[in-house]
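Consider the single chain below, provided in structure tokens and representing the form predicted on its own.
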């Protein structure tokens, strides 16, 4: 058998320290999965040749997923993370750079690196691409309904639930200068959002995603959208205060948390008479 690369022993030791945490015993339920990531083993037992910084990124992401650092909180410095994982500061920096590019972390000059959050004013509508033709974005919401129900098969499939599982359905309007511009229907897994009620949604002043982070520990980190044009039916026309058959933009968004787990399905109808949909490509 050929010699094992020196990286194997270094990273394995780092992973063992990570699994044990601050001097505690290793968790047998997690040790195998973590070691597989850090040592670079595939599920079949062969080498996966994952770059070292990607392995460190996986470990940092696992800590975020486990709630070690909450949304908006600072993570340890690069030097501290390098010591924790037994790697160079440059390796940690490359991992953190990639996570910042993916909006998982946010660097703040002179302050450190923080877990990204939707609660901050400048990023609270990061997933909402509807912009006014003139002026700045200022939206108020009107909650129409929040109820628990059994998941229909089509929605359950997208959220990786079983048909009939408990889910939460939310309907709301977003208004600009008092005029409705977005009608949202939102579906959430019931097991992740126990205690989410109309009263709780009305009490929270910030964006829904900020509430999901703070109260339920669910952090939306990426989303995919399907966009099409359609004509307003009678219900949508009444709620958006547009004529029957008026053109609307339909935006279906599936949002994911850590581990690429889908945790929200949202179908929005956008009235674009004085707004446009903006996307940046790079």
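Positions refer to the first chain, counted from 1. These figures come from a predicted structure and were not determined experimentally.
Another form exists, predicted together with a further copy of the same chain; not displayed. Remarks below refer to it.
Would a further copy of the same chain in the model of the complex be within 4.5 angstroms of a non-hydrogen atom of every residue among 146, 150 and 258? Zero of three within 4.5 Å in the model of the complex.
Whether residue 133 contacts a further copy of the same chain in the model of the complex should be assessed with a 4.5 Å heavy atom distance threshold; does it? Residue 133 belongs to the contact set for a further copy of the same chain.
Please check if residue 222 has a heavy atom lying within 4.5 Å of any heavy atom of a further copy of the same chain in the model of the complex. Because a heavy atom of residue 222 falls inside 4.5 Å of a further copy of the same chain in the model of the complex, the answer is yes.
Indicate whether residue 253 is a 4.5 Å heavy atom neighbour of a further copy of the same chain in the model of the complex. Flag for residue 253 set to yes.
Contact of residue 234 with a further copy of the same chain in the model of the complex (heavy atom, 4.5 Å): Close contact is absent here: in the model of the complex, residue 234 is far from a further copy of the same chain, nothing within 4.5 Å, heavy atoms only.
Between the options 218, 52, 64, 249, which residue brings a heavy atom to within 4.5 Å of a further copy of the same chain in the model of the complex? Filtering the options by heavy-atom distance leaves 249.
a further copy of the same chain: the contacting residue among 175, 171, 129, 200 in the model of the complex [heavy atom, 4.5 Å]: By the 4.5 Å criterion, the partner-contacting residue is 129.
Within 92 to 106, which residues have a heavy atom closer than or equal to 4.5 Å from a further copy of the same chain in the model of the complex? In sequence order, 102, 103 come within 4.5 Å of the partner.
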